[in-house]
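One chain follows as C-alpha cells, the form predicted on its own.
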Amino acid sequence: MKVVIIGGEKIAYFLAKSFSSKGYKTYLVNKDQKLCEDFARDLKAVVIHGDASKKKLLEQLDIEEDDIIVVLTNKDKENLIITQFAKKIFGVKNIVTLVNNPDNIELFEKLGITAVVSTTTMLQKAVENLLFGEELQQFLSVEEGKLTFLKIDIPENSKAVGKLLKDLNLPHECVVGGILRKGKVIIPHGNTEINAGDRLYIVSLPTAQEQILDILTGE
C-alpha cells in the first residue's frame, strides 16, 4: 500500500513527512516545479512533477485498490476529476479530498468519496462555537444582575449523566439554551440525553443557581 498526495503545499509537505517517517511508501504529485524540487530535496518520498487530472499521469503511479489517495488542489473541479479517475478507473476505495467551497461537499459525498474535508467549514464551526458563549454573555449583560448566565461542565460522576433533560427536575426559573459537545453546538430538547463532558449554557434567575449546580454537578 502507498499514500499518494496530489496538490497542496504545506499540508502536502507535512503529511508526506509524517507518512514517510512511519514507513509508508509516499508519493507526491504537484504541478509546481519549484515546489517539487523543494519536496524532493527535503522529503523521503517519490516526487512527480505533473498534472494529476490527466489520466496518463495517474497511470504512471501504478495505483492499486488498497492505496490511499489524498487530493489537495485549490480547485474543486480538479479535485473532482482526480477523485473520479482514482475511484472509477483504478478502483481506489480510500480517497480523501479537500473541498474548497463548502457548497460542493454534498456533491463529493454523493459520488462516494471516503472522506471530504472542508477547512472553511471546520474553521466556521470553531468560530461559531466560540461566538455562541460570547453572544449570550453580551445579550445578558444588558440585564446584568437580573439574570445569571451559567456555563456548566458535566463531570463523569454527575448524577445527570445518562438522563434526559426533561428528567433532571431543573427549576422552572432556568432555560438550557445550548450544549457544547465534542466541538459541536446542540440546541437541546426534553429528550436530549446528558453526557459526561457536555458543557451546558443556562440562563436562570440568580436564586436558582445553587439548585442547578447541585443537580448537574453535585456541588
Partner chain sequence: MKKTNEFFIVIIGCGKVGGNIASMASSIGHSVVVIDKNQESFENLSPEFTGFTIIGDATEKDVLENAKVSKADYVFVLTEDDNTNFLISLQCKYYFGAKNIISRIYDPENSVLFSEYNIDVVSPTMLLIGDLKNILVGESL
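In this text, the rigid core denotes the largest set of C-alpha atoms whose superposition between the two forms falls within 1.5 Å. Numbering follows the first chain given and starts at 1. Remember, it's a predicted structure, so these values are computed and weren't measured experimentally.
The form predicted together with the partner chain exists for this protein as well; it is not shown, and the discussion that follows is about that form.
- The three marked residues, E78, E106 and L111, each reach the partner chain in the predicted bound form, with a heavy atom inside 4.5 Å.
- The closest heavy atom approach of N101 to the partner chain in the predicted bound form falls within 4.5 Å.
- Although the partner is absent from this view, L147 stays clear of the partner chain in the predicted bound form, with no non-hydrogen atom inside 4.5 angstroms.
- The closest non-hydrogen atom of Q84 lies within 4.5 Å of the partner chain in the predicted bound form.
- Of the heavy atoms in S53, some are within 4.5 Å of the partner chain in the predicted bound form.
- The stretch among 170 to 178, 184 to 192, 152 to 160, 53 to 61 whose residues place heavy atoms within 4.5 Å of the partner chain in the predicted bound form is 53 to 61.
- Remark: with the core as the superposition reference, the CA shift of L205 between this form and the one not shown reaches 2 Å or more.
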